[in-house]
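Considered here are two forms of the same protein chain, supplied as structure tokens in two stand-alone entries, structure 1 and structure 2.
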Structure 1
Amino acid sequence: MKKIGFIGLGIMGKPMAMNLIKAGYSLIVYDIKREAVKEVVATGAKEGKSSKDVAAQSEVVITMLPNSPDVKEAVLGKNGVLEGAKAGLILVDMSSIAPMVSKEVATEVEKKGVEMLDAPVSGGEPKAKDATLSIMVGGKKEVFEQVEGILKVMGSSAVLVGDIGSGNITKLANQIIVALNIAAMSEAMVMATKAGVDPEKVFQAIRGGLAGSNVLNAKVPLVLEGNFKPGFRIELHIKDLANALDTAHSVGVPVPLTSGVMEIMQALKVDGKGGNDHGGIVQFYEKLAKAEVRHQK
């Protein structure tokens, strides 16, 4: 079994690392927050002194960090992965970051013989814990095949979608669809509710037809209860849409509706709701319309 380094033990990284330990892998871990490191070390991991130290002792390094600058810093920065890496190391960046940055970092690390995959995930904290994440991978097939078994410890699927950066492009496509499907549900349900129809009956009448979706099935029941506990926070979805807008514009694709839902999420953040689940997009409409999509008693 390969020796794995794991950098970034946040809400997602911690349960992912723990699932690798449970599966019998020997892990060396690092995070700028000592507390998270202690917790994972208590379940059997070894503590690394820095990203450099982690890389020096590993055959595969997994990074799970908030955004592009964090990945650049942890990999290319002082005491970073690249300083410690030997040729042949495989770097699997599972963070959701800008696809262009994945490509940049891959080009840099290749100079030292390090192979990189971008492998962002979808599913959020519950699926990180259950090891049922969907993992979208970009990179070389022969590199993917060497770590496929490791990825499948953390997720129920790991699909190679294309070259380096393709994992994050696919993730951004996913995030565009999820954000807009939630906004679609919101406009429809607030309109129907304020026009006097029981939103639960609307849901039951339309869910089996072309309007049916995983967003409708997952989010309408929570909205009906007024439950906006995350799940996946609006402020994280804002980060993803910022990367989506950058990517779309850089390749020359206008995305006016993605831009629209981005503004709606920005408005919610200004209104103090950035920490709510992204199902809380409906609250933008509810507040303006003074009507709530809730169970009728």
Structure 2
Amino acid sequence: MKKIGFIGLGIMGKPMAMNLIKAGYSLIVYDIKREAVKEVVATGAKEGKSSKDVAAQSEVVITMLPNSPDVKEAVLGKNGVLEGAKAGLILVDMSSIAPMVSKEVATEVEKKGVEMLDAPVSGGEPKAKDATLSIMVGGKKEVFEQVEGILKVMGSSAVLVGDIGSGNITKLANQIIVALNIAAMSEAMVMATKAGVDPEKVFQAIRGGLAGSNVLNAKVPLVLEGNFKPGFRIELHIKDLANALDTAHSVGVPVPLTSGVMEIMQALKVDGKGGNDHGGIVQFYEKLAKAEVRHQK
């Protein structure tokens, strides 16, 4: 069984690492936040001193970090993965970053004989915890096959979609659909509430029809409780939509709906809600309509 290094133990990374430990893998972990490291070490992982130290002791290194600069720093920077990596190491970056950065990092690590996959995930914290993430992968088929079993410990599906960078292009497509779904749900539920219909009953009535979706099932119950504790923060979705807009425009694709939702999220960030779950998009509509989508008393 391969020795795995895991770098980045945030909302998503921590439960993903713990699922690998539960499956019997030997893990060495690192994060700049010591508390997260201690928590995972308590479940059986070994603590790494740095990204370099993790790579030196691993056959596969998984990174799960917030954004493109974080991945570049952890992999290519001082005391980074590349400094500790031996030829033959497989780097699986599960962060959601710009596809061009995935390609850039892959080009650099390949000079040292390191193979790389970009393998972002969808499903948020709940699916990270219960190991049912959807994992979309870019890279070489033969490299993917070597780590497919590892990925399927963390997700219910792991699909190779193309060459390096393809994983993150797929993730951007996913993030566009999720953002627009949440916005559509928000418009509809605020309208129903303001018109005097119980939003919980609206949800129950429409969820089994064509308007039903995983987004609807996951987010409406939280909205009804007024629970915007982050499974996936608005500010991180802003990062993904910025990458989506850049990528779309670079290949000549206008994305007017994505641009509109981006501005809604930016307005919420300015209003101090950037740390809320992206289901909190509903608050933009609630403020305009002066009506809250909540359980009826």
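Remember, it's a predicted structure, so these values are computed and weren't measured experimentally. Residue indices: 1-based, along structure 1. If you superpose the two forms and keep the largest set of C-alpha atoms that fall within 1.5 Å, you have the rigid core.
Two forms of the same chain are shown on their own. Structure 1 is the form predicted together with another copy of the chain. Considering the chain as two rigid segments that shift between structures 1 and 2, Val147 sits in a different segment from Ala188, judged by which superposition fits each C-alpha better.
The smaller of the two rigid parts, set against the larger, turns by 12° between structures 1 and 2. In the core-aligned comparison between structures 1 and 2, the Cα atom of Asp198 sits 6.1 Å away from its counterpart.
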